[in-house]
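Next up: just one chain, as structure tokens, the form predicted alone.
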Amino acid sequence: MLKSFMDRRDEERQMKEAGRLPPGQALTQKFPVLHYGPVAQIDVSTWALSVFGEVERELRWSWDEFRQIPTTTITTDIHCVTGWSKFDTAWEGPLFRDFIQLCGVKPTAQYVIAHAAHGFTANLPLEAMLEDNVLLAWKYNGDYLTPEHGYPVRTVVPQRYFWKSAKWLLRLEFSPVDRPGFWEQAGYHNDGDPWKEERFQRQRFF
């Protein structure tokens, strides 16, 4: 137990020295499960991913169709607003910037709003979603996502706190205007950059 603790602290120190640990974060070697409400139990025989809004073609993919889209595997660090960071996580799925070529995005599209199970939404500027390592992920560490981590598909946006990476993805809306998502309406920061510690919209007192 002590050795495991010391190993974690040593790795955390190394990551901090390498400039990979954002302010206010601590390393975890586990993968904590945090979300609002129950774990979604999605049946892939009826699941579909739809794209709508400011696009040239509104499209819909079944699970089998979605898995035919070419994928990329990335290895990246992820950071949760609750204070943990996990390093060198491996995800597989279509790169978002490649995926949107299938539907064509209009110049009027400025924001992407991810719609997920239980009415959850997460909003980000289109520019942020076009980063090189943003995925529509369906695998983690070589295996299908578990329900707890967003099966069958989730967004993975490493440059933002992990609440911006929506689990149980159902629809992607391209919008000319920003609309705060579920956690943003609850007081979380609209942008969520971990390097700027953008956790909340305003100072909270407890």
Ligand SMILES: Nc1nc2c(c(=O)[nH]1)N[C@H]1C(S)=C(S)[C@@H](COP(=O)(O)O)O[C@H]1N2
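Note that the structure is a prediction, hence the values are computed from the model and not measured. Heads up: residue numbers just count along the shown sequence, starting at 1.
The discussion below concerns the form predicted in complex with this ligand, not included here.
Contact check for residue 130: every heavy atom lies farther than 4.5 Å from this ligand in the predicted complex. Contact annotation for residue 157: none of its heavy atoms lies within 4.5 Å of this ligand in the predicted complex. For the chain shown alone, residue 163 is a contact residue for this ligand in the predicted complex, at least one non-hydrogen atom being within 4.5 angstroms. Proximity of residue 80 to this ligand in the predicted complex: non-hydrogen atoms within 4.5 Å are present. Annotation: in the predicted complex, residues 111, 179 and 189 none come within 4.5 Å of this ligand through any heavy atom. Only one of the listed residues (139, 67, 171, 35) places a non-hydrogen atom within 4.5 angstroms of this ligand in the predicted complex, and that residue is 35. Of the candidate stretches 130 to 138, 67 to 75, 112 to 120, 92 to 100, only 112 to 120 has residues with heavy atoms within 4.5 Å of this ligand in the predicted complex. Interface residues of 124 to 157, taken as those with a heavy atom within 4.5 Å of this ligand in the predicted complex (partner not displayed): 148, 149, 154, in sequence order.
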